[in-house]
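In structure tokens, one chain follows: the form predicted alone.
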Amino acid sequence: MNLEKVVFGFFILLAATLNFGFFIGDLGRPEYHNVYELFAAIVVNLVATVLKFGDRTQIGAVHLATSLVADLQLVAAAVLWAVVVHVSGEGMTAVNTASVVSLSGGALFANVVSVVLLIAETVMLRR
């Protein structure tokens, strides 16, 4: 068993599941979407992105692209959250929550693509 591949797969799956955990729930209810879960999703996605830098294959390039998209979407969600709570003072209204969760939904889709690529790459491996 290759420990590097285990760690790689672990962070890809953890990024997807944390993102899913934040995403799931009523779009307009801020109490269903925890800011710390969004933070954890960002951190794990960034770690997964760093792990993808070493792969020089075409699938590795697509893995990196999906990870960068997920990072961008999640960071945009966090920035929007911070702006509506701390800058505008408006707070997490239903509309603001829906916008943040929608951005995390885009990241979730990118994470799902990354997981599908991981599974396809694993199935294609020859012994």
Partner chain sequence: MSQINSIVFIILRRMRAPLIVLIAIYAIAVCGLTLIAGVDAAGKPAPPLSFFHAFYFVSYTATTIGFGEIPTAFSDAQRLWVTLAIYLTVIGWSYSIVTLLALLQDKGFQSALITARFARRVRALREPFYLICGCGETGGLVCHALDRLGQRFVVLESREQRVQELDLEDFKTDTPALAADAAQPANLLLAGLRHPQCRGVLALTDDDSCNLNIAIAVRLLHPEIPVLARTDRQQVAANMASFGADHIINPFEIFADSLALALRAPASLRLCEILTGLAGSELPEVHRPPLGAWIVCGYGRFGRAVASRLQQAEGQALTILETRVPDDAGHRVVTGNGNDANCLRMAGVAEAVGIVAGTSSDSNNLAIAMTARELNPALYVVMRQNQAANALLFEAFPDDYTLVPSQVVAQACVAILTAPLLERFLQLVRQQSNDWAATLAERLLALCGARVPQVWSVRLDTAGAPALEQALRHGEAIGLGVLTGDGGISSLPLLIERADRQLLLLPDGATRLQAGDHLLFAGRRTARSEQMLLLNNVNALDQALGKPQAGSWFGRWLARRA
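Predicted, not measured: the structure shown is a model, and the values here were computed from it. Positions refer to the first chain, counted from 1.
Not pictured, yet referred to below: the form predicted in complex with the partner chain.
Every residue of the trio V43, F53 and W81 has some heavy atom no more than 4.5 Å from the partner chain in the predicted complex.
For L27, no non-hydrogen atom is located within 4.5 Å of the partner chain in the predicted complex, even though that partner is not displayed. When contacts are judged by a 4.5 Å heavy atom cut-off, Y32 does not count as touching the partner chain in the predicted complex. Under a 4.5 angstroms non-hydrogen atom cutoff, the partner chain in the predicted complex has V47 among its neighbouring residues. Of the residues in 1-40, those that come within 4.5 Å of the partner chain in the predicted complex through at least one heavy atom are, in sequence order, E4, V35, Y36, F39.
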